[in-house]
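In the block that follows, a single chain appears as structure tokens, in the form predicted alone.
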């Protein structure tokens, strides 16, 4: 969502007559987009903005203005931020991004998105969140859930397709809850799949209660909908899930997983997990380990719990020692390395359709892309002259926990 917001602001500024800088060193305006889901992320954003304000005051760069946008603005407020960041020119809360061109020096008009576009784009379909999980600040800084109009979403995706975009990722804090009257999220997916030029449709993030038969039917009928779902679980313990306010049980979560895997055994599932939540016992932690094995996740993102001011869990005693949080974190990561390798080994010998993203980050002599399950696939660049954004068929020859190696066929 933050990437999408940054893209939207950049588009508005370009439309208003500004030119993208090559980097910080030659920028006259820098805007820091802040996240406040975790304290570390907020601290990094505030620290970066402070550094830029100091650079501007010293006159050691081309900087003329520094702005701050995003959730930290909503949490801390403009007055507090101006105290913390002397020299900050403006700050904007989520939902008011269209004001930025008016605040940026020299901006006097608003226009459409720039004509040039990449092969992949984010499309926001929902804002806000009503789940109110005990550890999460998002509902307070992003507001209540609001579904974007069906016609607006279709129009934007059609526009992106016209500009050469082949893959769209639909964004919402709980995206499966999108609805307009009698029109459900699976019905929206079906309509977007009809748009010429769009070859892949992804969406994030999901809640297990949204894994309905209607969603599975849309997956089955529309090959453009990528068979991958990011389905945060956070814990495998019913007691901890209830404390977190997640509104599902372990069995309900695993039933959602089974529904997707019964439909397609290769269906790719990724998740988020928190270790060290207040009161998490060793038995609670082991319940998480066994759930992850039962679910057979393709990848997992593990976070060590840290209290966020303003959340319900912040009032609880943070009683799991730091060293124990680190141990549990490493155990789950080790489990996932094993599990990821097992899942990927089953794909050796298969042929995957891969959307080319460009040179591999680790080896510039190789190309990299993702298959429909969002798995990273790498192959020798000399095998094909495939351009970024094109789709190639790659036979998988070798499996690793996080990537697949193959040969173009």
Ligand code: SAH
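Values in this document were obtained by computation on a predicted structure and should not be read as measured data. Numbering follows the first chain given and starts at 1.
Keep in mind that the form predicted together with this ligand is not shown, yet the notes after this line are about it.
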- Proximity of residue 163 to this ligand in the predicted complex, heavy atoms at 4.5 Å: no
- Message: Contact with this ligand in the predicted complex for residue 38, defined as at least one heavy atom pair within 4.5 Å: yes or no?
- Response: yes
- Query: Does this ligand come within 4.5 Å of any heavy atom of residue 336 in the predicted complex?
  - Reply: no
- Task: Find out whether any non-hydrogen atom of residue 272 is located within 4.5 angstroms of this ligand in the predicted complex, and reply yes or no.
- Result: yes
- Message: Can you confirm whether 2, 120 and 374, the three residues that make up this candidate site, all sit within 4.5 Å of this ligand in the predicted complex, judged by heavy atoms?
- Response: no
- Only one of 81-89, 193-201, 217-225, 298-306 sits within 4.5 Å of this ligand in the predicted complex by heavy atom distance, namely 298-306
- Task: Using heavy atoms only and a 4.5 Å cut-off, determine which of 237, 147, 234, 268 is in contact with this ligand in the predicted complex.
- Result: 234
- Task: Consider the chain as shown here, without its partner, and state which of 169, 184, 205, 127 has a heavy atom within 4.5 Å of this ligand in the predicted complex.
- Result: 205
- Note on the structure: Restricting to 162-188, the residues within 4.5 Å of this ligand in the predicted complex through any heavy atom are 173
